[in-house]
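Below, in structure tokens: the form predicted alone, a single chain.
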Amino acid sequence: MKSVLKAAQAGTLESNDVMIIVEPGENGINLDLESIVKKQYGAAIAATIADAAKALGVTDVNVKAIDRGALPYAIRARMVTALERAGIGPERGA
């Protein structure tokens, strides 16, 4: 399992995009989501973000996502990029 080493971000606030900001965290994947489509797609957006983190082996991270109607592939790509920029490292204490 891996942890985020530093804060990082990816994406823009343009229409049809999402800005993802990741920071070191504890106790799981904690998401703060702002979205113009949160009511309809909030659960799907959260699942896409969590799945992207888990696919990279990240277990503890704080995520702020500001969505402007991004499609799932864009959300996943922004999350992966933010995590890579954050210097994913080995789990603390390992």
Partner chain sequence: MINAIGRDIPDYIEGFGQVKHYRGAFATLPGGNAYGPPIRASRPGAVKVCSGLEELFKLLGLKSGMTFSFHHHLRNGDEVVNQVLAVAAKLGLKDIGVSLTAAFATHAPMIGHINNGVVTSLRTSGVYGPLAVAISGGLLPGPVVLHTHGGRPRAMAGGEHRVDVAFVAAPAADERGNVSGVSGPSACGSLGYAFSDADYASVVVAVTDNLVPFPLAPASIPQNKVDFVVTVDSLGDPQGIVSGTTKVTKDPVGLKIADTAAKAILASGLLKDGFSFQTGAGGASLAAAHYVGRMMREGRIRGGFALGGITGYMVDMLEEGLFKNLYDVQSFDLESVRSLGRNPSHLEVSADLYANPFNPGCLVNDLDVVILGATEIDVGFNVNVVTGSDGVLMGAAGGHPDTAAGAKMTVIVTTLLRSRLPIVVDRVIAATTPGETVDVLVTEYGLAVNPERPELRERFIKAGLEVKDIHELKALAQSIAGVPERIPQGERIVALVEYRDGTIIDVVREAAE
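Owing to the predicted nature of the structure, the values given are computational and were not obtained by experimental measurement. Positions refer to the first chain, counted from 1.
The same protein also exists as the form predicted in complex with the partner chain; that form is not shown, yet it is the one meant from here on.
- Three-residue candidate spot Gln40, Ala44 and Ile75; every residue lies within 4.5 angstroms of the partner chain in the predicted bound form by at least one non-hydrogen atom.
- Listed stretches are 19-27, 80-88, 67-75, 5-13; the contact stretch with the partner chain in the predicted bound form is 67-75, by a heavy atom cutoff of 4.5 Å.
- Using a 4.5 angstroms limit between non-hydrogen atoms, Leu56 is distant from the partner chain in the predicted bound form.
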